[in-house]
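Here we start with a single chain on its own, the form predicted alone, put down as structure tokens.
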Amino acid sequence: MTDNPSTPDTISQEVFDRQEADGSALPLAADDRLDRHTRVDLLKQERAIAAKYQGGPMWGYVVAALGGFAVWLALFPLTMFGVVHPLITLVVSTFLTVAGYVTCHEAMHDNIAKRGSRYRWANQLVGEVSLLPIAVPFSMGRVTHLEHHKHCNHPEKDPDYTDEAPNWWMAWYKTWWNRQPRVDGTINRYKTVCMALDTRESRIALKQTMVVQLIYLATLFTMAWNGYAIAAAVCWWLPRQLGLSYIRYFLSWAPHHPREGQTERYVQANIFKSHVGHFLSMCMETHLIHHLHPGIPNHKTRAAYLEMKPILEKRGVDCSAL
């Protein structure tokens, strides 16, 4: 399961104009700017480095997604019948909930297997099973995440803009507040975006979201009705709440704050140092690389950043954190 993107020796005027629409350049002196030739050369170097990190074996994500999903399902009967302690279930299920978004994120960008690949089924399967612990269908996650990339940090068009907060503790609070009924945040914003798009994909996403949410609520109700309320809480309800907050904080707020006005190509996401480390922050410390080149798998973004760092610094990116 590999991806072998082509790397053209030259950049067409159309591609250059699209990627350079921000009009930014690093000042050489007081009022000087990089000339077009230098900017094209930097972009060519950046794309050449990015091509080195795209593709490669992705079966690890498939194994992680299916294995994690199997363990998550097994925790239900194991907890209900007292084989596994509820606190252990809570910790493991929460971890699997967060990890599921990482594997699904690759599927959203077709990094598991491209369209037309004989392994395309694996991309769809990973996407479908990975998001079930947060009770969101792959279709909804994919549509809204691609809209986030298309309109990153736009106050109205970016589905994730509602995660913005002035500081870290308010950001954690908003991860909870945005999930409340009638609040324009998270899933309610996602539904609004899908309704506004009104495409075949967005309509399917809305229908599947309703079905998954009903299954989620029916499962919790049935377990509680039959005396397994604690198991329902530690297997699905509480891990979903904790997992969503963790995901919204590290995937959305931390790499994008402050969002206001940061819509140009090289400022859509930050390079930052996480207080819990690169792995536990879902590898989001170098999230800018993902926005520049979504085809680079999550586990390779740090290495790609370190090689690309001199180029990014010339483009005016603040790389002082890492």
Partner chain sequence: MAMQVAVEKLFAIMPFLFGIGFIAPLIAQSMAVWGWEAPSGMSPIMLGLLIGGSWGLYATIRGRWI
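Predicted model only: the values in this text are computed from it and were never measured. Numbering follows the first chain given and starts at 1.
What follows is about the form predicted in complex with its partner chain, which we do not show.
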Partner-facing stretch of 161-169, 206-214, 243-251, 90-98, counted where any non-hydrogen atom is within 4.5 angstroms of its partner chain in the model of the complex: 206-214
Its partner chain in the model of the complex reached by all of 66, 69 and 117, non-hydrogen atom within 4.5 Å: no
229, 146, 197, 83 - the one with a heavy atom within 4.5 Å of its partner chain in the model of the complex: 229
220, 125, 102, 152 - the one with a heavy atom within 4.5 Å of its partner chain in the model of the complex: 220
4.5 Å heavy atom contact, residue 233 and its partner chain in the model of the complex: yes
Distance check, residue 237 to its partner chain in the model of the complex, heavy atom within 4.5 Å: yes
4.5 Å heavy atom contact, residue 224 and its partner chain in the model of the complex: yes
Contact test in the model of the complex: residue 73 vs its partner chain, heavy atoms, 4.5 Å: no
Interface residues of 177-200 toward its partner chain, as seen in the model of the complex [heavy atoms, 4.5 Å]: 177, 180, 181, 182, 183
